[in-house]
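Heads up, the chain below is alone and in the form predicted on its own; it's given as structure tokens.
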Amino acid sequence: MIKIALGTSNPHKLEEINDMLKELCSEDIEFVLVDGDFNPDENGLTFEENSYIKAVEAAKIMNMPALADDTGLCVDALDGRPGIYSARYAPNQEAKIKKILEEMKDVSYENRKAHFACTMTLAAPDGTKLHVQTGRIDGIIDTKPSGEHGFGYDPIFFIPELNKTMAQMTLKEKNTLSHRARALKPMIDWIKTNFV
């Protein structure tokens, strides 16, 4: 069994990733939250830079390999915003959704394209970048929130081919199709090949 620190202070993320691990039948890998208050300065200019900052910090604190992701919503009509600032775009989940919907209120349906991006970095305690993986899911920004599941921008991220928002997806669907799932699966394959 290999233990890997997860560079986040978000218990939702740990839960989501451990659920995905079950789907991938990877009982030989366990992710653990970082001890104490984990709040590194995410001053990178890309998802990869920020995921590396978090992974290295977590690896040093826990003295074990650490995985961190940086994830964001990129809206075409907003020139890619909120992007790397997705988590800090407004004070809380409700305010973030309200801000995006307000900025998008005059944008036509065909111009509401967006995607969720996720970059995961695995780092060693000495700062070595061990592996990087990215995932993406495309959709559009809906005109109002729908759905009870998920967190962040999930209630306004509509996936036309599924005819539902990310927040209307079952956990099983999300664990298969999400941007995080699409980054995690090849990352787990790499970890199994190189560590387990």
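Just count from 1 along the sequence shown to find any residue number. As the structure is a computational prediction, the values presented were derived from the model and not from experiment.
Another form, the form predicted in complex with a small molecule, is not on view; read the next lines as being about it.
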Among 153-161, 140-148, 125-133, 58-66, which stretch has residues whose heavy atoms lie within 4.5 Å of the small molecule in the predicted bound form? 153-161
For E42, is any heavy atom within 4.5 Å of the small molecule in the predicted bound form, or not? yes
Verify the contact flag for R182: yes if a non-hydrogen atom of it lies within 4.5 Å of a non-hydrogen atom of the small molecule in the predicted bound form, no if not. no
Using the partner position in the predicted bound form, report whether A87 sits within 4.5 Å of the small molecule, counting heavy atoms only. yes
Within a 4.5 Å heavy atom cut-off, is N111 in contact with the small molecule in the predicted bound form? no
